[in-house]
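In the C-alpha cells that follow, a single protein chain appears in two forms: structure 1, then structure 2.
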Structure 1
Amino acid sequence: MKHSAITFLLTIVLSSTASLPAFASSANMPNIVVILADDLGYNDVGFTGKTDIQTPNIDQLAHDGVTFNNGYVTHPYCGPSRSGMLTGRYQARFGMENNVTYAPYDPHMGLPLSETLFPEHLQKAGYKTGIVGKWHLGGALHFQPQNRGFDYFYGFLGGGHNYFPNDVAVGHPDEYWMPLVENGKPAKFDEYLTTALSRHAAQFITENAGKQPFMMYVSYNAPHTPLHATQEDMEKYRHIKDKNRQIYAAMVDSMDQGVGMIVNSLKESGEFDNTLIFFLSDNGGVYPEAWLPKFDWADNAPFRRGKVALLEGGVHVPFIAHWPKGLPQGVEFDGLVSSLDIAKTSLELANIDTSTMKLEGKNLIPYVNGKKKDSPHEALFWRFEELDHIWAIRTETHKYISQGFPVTTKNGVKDPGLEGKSLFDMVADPYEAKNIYGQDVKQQQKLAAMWNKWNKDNQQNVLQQSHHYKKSVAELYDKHFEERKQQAKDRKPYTIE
C-alpha cells in the first residue's frame, strides 16, 4: 500500500477560522459537493482509464486532489448504493437492498424514515443543502428530498429520466417521463438534461456562496440509460464505430462539461478552495449479463464484469476527493475507502457530533493527510438482497466472494471459476483473474468469520425488487377489484315498494 507525501496538515486549516466572516459557528466549515455518476465504467474517465472519452474537468479534480485507488461503493446498483452513501450506513442495516420503485401512493416504498441522511445533519448545523438530479429514494411525500434534509431540489423523483425536454409527459406510467420538479413545482427544462442539472447545481452554488456553508448533491443520471446524447457531443466521438458506445461517450462528456460548470461556479464565487468535492460512480458501468446481453457499451477495465456484480467491475469505482484548503494535491491513496466515508467525513468537518449516529464510514481526512497510517477500513462487506449465495468481503489483501448468478462472458460462454465461491489475492491479483479458493482455507475462514460478524447486525431485506414489486401491486389491485366485483355480484338486486 502506498501513501503519497502529505503536503498539508489539517490543523493549519482549522486554526485559520477566526479571520473568516459568516456564521460564527460554521466559519470555515468547508462546503461539500458530492458528484455522483450513474453506471459509469471504471475505464471511461481519464483519471482511472485508458479511454478516448474526454473528461478533462473530472481529471483536473483528480490531478489536483486525491484519487482513491481502492474506492468502493456498498452495492453494485443504484438504490442500495445511494442509500449507503447518503446515510453513511450499510443499507443492509435497514433492510434496503433493492431499488426503490417510484410508488407515490405507497407510504412504505422508500428509504426508511428510521434513517437520517447526512445532508439533514448538515442542514441542522446551518448548511444550505441541495440536490440536483436523480432521487430514487421514494415517491411518497414523506420520502421526497424536501422531507429528507434538502432545502433545494431540482430533478426527478424516480430512478432515471429521459434526457430531452420533449420526452416528458403527464399521466405517463413510466417515471422516466415525469415532469422535472424544482422545489415541488414543475421545473423549467429546456435543454439537455445533464446540462440542465449542472446549470442548476452551479446556480445553487452561486446563490449560496458566502452566505453559509452549503452541501450540494449532484446526482447525475448520466450515463445511465436511456442512451440519449446531443448531436454536438456525439460529433466528438464520430470515430467510435459502435453506436451505443458513441452515445455513451457523449453522455460522459456532457457530464464532464457539467462538472466544469460546477467548478467554475465555485471558482467565480470564491468557494473553490474551501469546498470538498467528492466524485464517484454509484456502481460499475453496465456489463452484458445474460439478462441484458445488449448492454455492452461501458468499459470497466481492468476489472471483470460490471453493474450488478460483486466482482470489482461492479463495486470498485472511480472515486476522488478535492479540497485545496484541506487535502493534499495530486495524491493517490491506496487504503480501502468506501462511499460510506463521505457522510462521516462531511459531518466531522462540520463539527457535528456523530457519536450517536451509528455511522459506518470513516473520516478520511486524517488518513489522507497521513495522521493515521492504516487503511480506513480493515474490510468492506457486501451482500445481495435476501439471497444467501451472493456476498463478498474485501480486505487489504484478499477478496472472498460468492458471485451467485449465471456467469457468462460478453460472448455468452461461461466465465470460469465463478459458479461458487472465489478467493482472490488482491495484492498479487487485483483484477481477480485467478480464483485461489481452497488454497488458503485459513484465510477463507478468517474472512468468513469477519463477514458473519458483520452480517449479524443486518436486517433482512424488506423492499421488493422493482419488477416483483410492480407485480405484487398489480395483484393487490386485481384482488381488490375482484373482491369488489364479488361483493357486487353477491348483493341481490333490491326492489322498492
Structure 2
Amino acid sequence: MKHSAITFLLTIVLSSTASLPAFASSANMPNIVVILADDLGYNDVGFTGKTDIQTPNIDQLAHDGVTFNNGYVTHPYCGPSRSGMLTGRYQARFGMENNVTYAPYDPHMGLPLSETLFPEHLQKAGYKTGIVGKWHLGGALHFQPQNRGFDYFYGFLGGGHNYFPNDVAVGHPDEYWMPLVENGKPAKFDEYLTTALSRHAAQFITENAGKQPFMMYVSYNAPHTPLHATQEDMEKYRHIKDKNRQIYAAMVDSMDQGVGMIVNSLKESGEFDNTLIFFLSDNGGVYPEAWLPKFDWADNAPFRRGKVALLEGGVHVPFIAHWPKGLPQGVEFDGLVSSLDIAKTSLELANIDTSTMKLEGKNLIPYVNGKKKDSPHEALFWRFEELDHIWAIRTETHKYISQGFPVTTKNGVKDPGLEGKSLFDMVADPYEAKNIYGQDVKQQQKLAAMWNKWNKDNQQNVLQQSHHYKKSVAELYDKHFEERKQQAKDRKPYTIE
C-alpha cells in the first residue's frame, strides 16, 4: 500500500510539473516594460538635451541605465513606427507605411494578420502581457490588442484621444472623443488621461508581480495633440511665454510623473531589479512643415526638422534601456540601435527560439555588455512610399537620403542643402548641416546598392492616408444610398384587396 501511495503521489507531482508553463523553470527571465512617448522632441527630456522641462524620472532611468546615442525608429510618424517596433520587422515588409484609420467595420484596415507581434510570443511562453494607451493598429475586432497577443488592454483604439474625461461623447464620429476601453468594454475614465494610463500600468504590474513574468507596453499619446494639460502642471511652466510650448511642457512633465508611478510600482512589488525597461519616442517632435505651419512647440535640437521627415529630427529619438540585474549603469552606447531591437532582445531574454522568425532587430544585451564590439546594425533603412521616392539609409559613417517633399524652415524660408538627394558624413557632420552629394560617388553607390538589396523584399504600401480613405468611404456610402434611392424609385406601386 505504501508503495502504491507513493507511486500515486509521484504521478500527480510529475504530471502537474509537466503541465506548468515554461516560465516556471526560468525564474530569471526578466519582466519587460516598453514605455513609448508620442511625438516627443529630442531636446525635450533632460538626458538628451538642455531643456527647461522637468523629467527627473526618465532622466534617472538614463543615469542608471544605458543611453543609446544613435537610437532610431523605423518611420517618422505614429502607426508605421509602432508596427515596426511590435513586429520586430520593417513595416515595409508588409506594406504598412501609412497610419491605420480607425474603421471598426473594415476587415482590412489594420496591421496585417500575417504578422505576429512579439508580445504574443511572450504570451505563449508564459508571460502576462498588457498594453495601456494608444493602439492605432486597427479597430476591427480581429486587429484589437486582445487578439494580437495582449491579455489586458486599457486605452483607445484610434490614433489619439482627448485628455480630459469631459471631452468624451458616445457615438461621436471623431475617435478622439470616444469612450476608453478596458478589455473590450467601456472603461472608467475620471482623471487626466496620462495619469489614468500610468495608474493602470502600475496596477497591472502590482497585480501580476511575483506570479509570472510580465510584459507591459505603456503606449502614451503624450505629448501628441490635442494640447491638453492640467492647470497644476502648467503652473510649473509659467515662465514659458509661448502658450503652446507651455502646454506641451506640462504634458511631457505629466508623462514623466507617470513613469515615476510605474517605477515605484516595480520597486514596491520587488520587481524593479529584474525588469528591463525601454523608453523611447515613436518619432521626432512636431515640426512646422508646409501643411502644418503652426506646429512649432517641440524641440528636436540639435537635429534638423522633425516628425514626418527622414532627416535626423524625424527618426533619431531619445532611447534608454534600464535593467539593474542585467545591464551596466550610466553607460552611453554609440552603435546603431533600432526600435526593431526591442522585439529580438525581449524574446531571447525569455529563452524563446527566434531562429525561424523573420525578425530584423538584434539582441542588444551582448553589445551593451561588451561581449560584441561592433555596431548592432551595419545599416538602418527607411522608405516612405506615401509620396514618391522618399528614402534613406544610415551607416555608422554616412547617411544617404532623398527627402522628396518641399522643405521649409520655421519662418517659411526654404531649408537649404536638401534639393534632391543628399549625402552626409555622419562622423564629421552628425547634424546633417552640409550636403556632400556628388563628392563621394563610391560611397553613394555603395549605400544605394545596400538600400536596393534591402528594398527587394518590401511590399508596396497598401494603406491610404486617413483623409483619402475617409473620402473614399464617404463616396462609397453616397453611391450606396443613390443605388437604394433608385431601387426605391423603380419599385412598382401595388394595391391590395
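Only a predicted model underlies this, so the values are computations on that prediction, with no experimental measurement involved. When a residue number appears, read it as a position in the sequence of structure 1, where counting begins at 1. Heads up, when I say rigid core I mean the largest set of C-alphas that superpose within 1.5 Å between the two forms.
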inquiry  = Looking for the form predicted alone among these two structures; is it 1 or 2?
reply    = 2
inquiry  = Once the core is aligned, what is the C-alpha displacement of residue 492 between the two structures? Give it in Å to one decimal.
reply    = 4.3
task = Could the core-superposed CA displacement of residue 483 between the two structures be given in angstrom, to one decimal?
result = 2.4
